[in-house]
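Single chain ahead, written as structure tokens, the form predicted on its own.
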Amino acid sequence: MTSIIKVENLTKQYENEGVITEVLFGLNFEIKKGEFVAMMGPSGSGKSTLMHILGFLDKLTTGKYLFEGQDVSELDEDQLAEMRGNKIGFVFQAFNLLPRTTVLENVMMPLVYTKMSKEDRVSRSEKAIESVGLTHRINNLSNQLSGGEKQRVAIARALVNDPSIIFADEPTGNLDSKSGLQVMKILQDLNIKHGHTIILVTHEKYTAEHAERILRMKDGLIVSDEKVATRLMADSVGELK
């Protein structure tokens, strides 16, 4: 498989009033196109900082970051924003939906500033909503949905731009166990059936084991990089409703 992400000697530090705080220390790893990788670690391990760098929300301090073969280490803010809009889909723990806006309008948001016609924006958004089993909720306001349904809307919104990679940051953190399994089933289906590359950020071992590979982080270092011996499958939750 072709590499979608390759990181070489990546470091990150922040400076505040002359005080330097080092967060990431010389990371090296590769993620292939079509992989489902979990980044796991306790709070303060650096996993969220790393996700922000990989998702073009922040810049590394030193080292190299290759995305689809392109060295993006020296891109400016406008170039990073363009890459983020065209290449990345985000799913966050807090959903980040507009509350008094319909499911369809929320999913269409990433397409607002494209040159796509309104008909095409609607059609693509409807397909994304169908893929997460929420066609029957398409005209509901997002504040009328359950937590699990909100996260499924967030996944549809992440899909609508046909991104190269989806980042899911603690996507089950605000959900009950059944809703969390439904979300993991959707992510697994996107990976296994449709070939999407997914990076899951979590501190929960059970959630991480739904991926096929786990990068474990501690104190700004990758302490292990292993295939999941017995991958958990979320198929037992039944039909999405």
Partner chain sequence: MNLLENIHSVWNLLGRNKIRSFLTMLGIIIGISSVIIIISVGAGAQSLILNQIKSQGSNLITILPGNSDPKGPPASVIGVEITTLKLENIKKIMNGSFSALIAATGYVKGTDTVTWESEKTDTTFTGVNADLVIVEDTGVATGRFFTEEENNAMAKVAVLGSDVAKNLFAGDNPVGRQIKIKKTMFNIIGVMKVRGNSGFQSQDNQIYVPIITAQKLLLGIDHISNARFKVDTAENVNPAMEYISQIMRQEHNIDNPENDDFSVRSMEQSLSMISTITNVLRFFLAAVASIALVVGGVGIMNVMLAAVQERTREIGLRKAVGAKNKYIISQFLVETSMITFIGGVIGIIMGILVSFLVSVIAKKLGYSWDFVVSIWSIVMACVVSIGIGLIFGIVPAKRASKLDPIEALRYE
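Residue numbers count along the first chain shown, from 1. Here the structure is a predicted model, which means the values were calculated and not measured.
Not pictured, yet referred to below: the form predicted together with the partner chain.
Engineer: Quick one: find which of 144 to 152, 111 to 119, 67 to 75, 125 to 133 has residues within 4.5 Å of the partner chain in the model of the complex by heavy atom distance.
Structural biologist: Of the options, only 111 to 119 has residues within 4.5 Å of the partner.
Engineer: Please check if E82 has a heavy atom lying within 4.5 Å of any heavy atom of the partner chain in the model of the complex.
Structural biologist: It does: once the partner chain is placed as it appears in the model of the complex, E82 has a heavy atom within 4.5 Å of it.
Engineer: Does any heavy atom of E170 come within 4.5 Å of a heavy atom of the partner chain in the model of the complex?
Structural biologist: No.
Engineer: Although the partner isn't part of this model, could you tell me whether N140 comes within 4.5 Å of the partner chain in the model of the complex, counting any heavy atom of the residue?
Structural biologist: Taking the distances in the model of the complex, the answer for N140 is no, it never comes within 4.5 Å of the partner chain.
Engineer: Would I192 sit within 4.5 Å of the partner chain in the model of the complex, counting heavy atoms only?
Structural biologist: No, no contact at 4.5 Å.
Engineer: Within 4.5 Å of the partner chain in the model of the complex: all of D58, L98 and R157, by heavy atom?
Structural biologist: Yes: D58, L98 and R157 each sit within 4.5 Å of the partner chain in the model of the complex.
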